[in-house]
Each structure stands twice: as C-alpha cells, then as structure tokens.
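Form predicted alone, single chain, as structure tokens, below.
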Amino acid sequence: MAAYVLKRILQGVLTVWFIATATFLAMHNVPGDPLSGERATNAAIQANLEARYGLDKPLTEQYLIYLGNMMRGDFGISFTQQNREVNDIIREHFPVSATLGILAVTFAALGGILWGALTSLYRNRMPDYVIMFLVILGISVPSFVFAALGQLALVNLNSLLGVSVLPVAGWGTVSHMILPALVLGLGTMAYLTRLMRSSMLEVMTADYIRTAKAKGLTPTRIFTRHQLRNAVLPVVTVLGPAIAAITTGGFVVELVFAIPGLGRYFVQAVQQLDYTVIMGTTVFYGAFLVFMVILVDLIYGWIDPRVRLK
C-alpha cells in the first residue's frame, strides 16, 4: 500500500508542475500587458511588482522565481487590485465556491444514484425513456443556460405568488444557495445517472446475483445488499474529480447568480490579463483537482485491494 500511495503522490506532484509550467508559458504568450494601456496601474504597484517578481528579467529567470514562490505557497500580488495578494483572494473567496460546490455535489450524487438505479430497474420502459431523455438534456445543455432559465422561472413564480419563494441572486443564506446548487449539479447528476445505470445493468447479470436469487433472498435484500452496494463503486471513483470540477468550475454560474466566489475573480482576471491571479488560481484549481483524484484513488485502493496492483 505504501508503494501505491507514494506512486500516486509522485504522479500528482508531476501533474501540478506541468499545470504550473503550461500556465506560465501560456500567459507569457498572450498578447497584451496588464501594466500598460487601458489597464495600466499606478507607478507604485508597477515598481513593486517589477522589484519583487523580476518582470524585467529574462523569461527563464522569471520562471524560476515563479516556481520558487509557488513552492513556498506564494502566488504573488494582483496586478490590478492594489496591494492585494492572490493568496488573500483565494482564502477569502474559495470557501464560497466550496460551499456551493459541496451542495451541488450532494445533489448530483444522490440524484445520480437514485435515477441511475431507477432506470436500471425499469429498463426499456417508460420511466427509463423519460429519465434518459432528461439525462441527455442535462449533459448537452450548458449550466449557464439552466442558470438563466432557472432565474426566469423563479422570477415568474415569485411574481405569480406575490412572495419571494427563493432569491433570484445573491449570497448569504441557505435559500440563496438552493437554485445555484441545483443548476451547478445538473450536468454531473446526468453523468452519474448514466454511469450508475450502466453499472447496475452489469451487476444485475453477475453470477453472485443469480446465486443470491437461487438462495431465495428477497428482491429488496438483493437490491440493497448486493446490486446497489457493488454498482455504486464506479460512482465513487469519479466523485473526486466531480467534486473538484463542480467546486472550481462554477465560474459562469457564480457570475449569473452574483455569487462572490473565486470564479468571479478568475473571470475578471482573464478579462484584465491579471497574470498573477490567473496563474495562482489555475495552479490552485489544478492542485485541488489532483488532490481529490489521489484521495479517491487511495480510498478506492483501500476498498478494493486489486487496484493497488495496477
């Protein structure tokens, strides 16, 4: 097990290094400069950035400085927000994105397992057709479209009832979180539904299921103790990346619902060519995704020892 853990950690470190290097090279090849033109900052900020991060030095030296700072957990100072460090932006706004992401993942996981199991039980019947049609919609339609439609429907509902059933936008209470979490989790729920359906159909034809039926076990016991328990393992495998993807991938949803999460600052940084914020948040997101993948791999390896041999 120790060798398996060490191997996965080493792979994760190499992946984060590749993400950091690719981000650095991509940002230094993007046309434009946040320190000049319409986005020009004052002389004090520009001198501070140039002195601390060697922006006037060759690209190789800048890269080494960037890696050294990153290894110390220092992502630098924002080019466009005066004297504000990227670490502070992440520290203050990632918890908002994480809260929204956890709610969305909970909704997606519970819905995916429930609907996937239901479609397998009613295979090639009306419930299966209806749910799979909705699954295709959930996978095909972008989340920002569902966000706009959800807001429109909520505005009409509030107007019809004469009371505010749920807030249309904003952040601060549980009621503000419900609609954004549902919208953000729809795509993942649709994917997990398909995965759960395929896994359930495979388990239902396994030899041990036929053996359980031959022993006279009740259908409910077979479903809960054997079919559902074994079919959910592939879902567990993808939950790590799904958690990271939802937690860090709700940029547009956060903008639509005016949520003060990290995604809003990432989008603003892209628009303003704020190199340090872009590189810092990208590396942070990448490291978080790698961490979740490794964590799920280790859990899966603990559940199924056969995985450690691969």
Partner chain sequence: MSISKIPVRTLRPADFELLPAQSAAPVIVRPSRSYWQDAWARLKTNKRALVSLYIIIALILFTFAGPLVWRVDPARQDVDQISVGPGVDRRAIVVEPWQAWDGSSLAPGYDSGEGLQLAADPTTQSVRLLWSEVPGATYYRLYRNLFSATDIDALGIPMADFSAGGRRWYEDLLDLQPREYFYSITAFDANNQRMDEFLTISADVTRVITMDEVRSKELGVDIDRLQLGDEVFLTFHPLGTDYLGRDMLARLMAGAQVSLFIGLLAPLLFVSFGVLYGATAGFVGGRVDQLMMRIADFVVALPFLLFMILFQVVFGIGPGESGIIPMLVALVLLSWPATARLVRGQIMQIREEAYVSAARLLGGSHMYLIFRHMIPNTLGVILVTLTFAVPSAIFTEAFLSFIGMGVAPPTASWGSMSNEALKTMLTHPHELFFPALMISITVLAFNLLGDGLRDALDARMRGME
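Not measured: the values here are computed from a predicted model. Positions refer to the first chain, counted from 1. We call the rigid core the largest set of C-alpha positions that still match within 1.5 Å between the two forms.
FYI, the form predicted in complex with the partner chain isn't displayed, but the following is about it.
Residue in contact with the partner chain in the predicted bound form (any heavy atom within 4.5 Å), chosen from 178, 206, 141, 114: 141.
Here is the short version: of 169, 102, 236, 201, the single residue with a heavy atom within 4.5 Å of the partner chain in the predicted bound form is 201. Here the chain stands alone, but in the predicted bound form its contact with the partner chain, taken as any heavy atom within 4.5 Å, falls in 128-136 among 223-231, 69-77, 128-136, 159-167. Each of 18, 22 and 285 comes within 4.5 Å of the partner chain in the predicted bound form, counting any heavy atom. Of the heavy atoms in residue 290, some are within 4.5 Å of the partner chain in the predicted bound form. Put simply, residue 276 is far from the partner chain in the predicted bound form: not one heavy atom of it is within 4.5 Å. Although the partner is absent here, residue 265 lies well away from the partner chain in the predicted bound form, with no heavy atom inside 4.5 Å. In the predicted bound form, the partner chain sits within 4.5 Å of a heavy atom of residue 194. Core-aligned CA deviation for residue 170 between this form and the one not shown: less than 2 Å. Core-superposed comparison between this form and the one not shown: the Cα of residue 157 travels 2 Å or more. Relative to the superposed core, residue 114 shifts its CA atom by less than 2 Å between this form and the one not shown.
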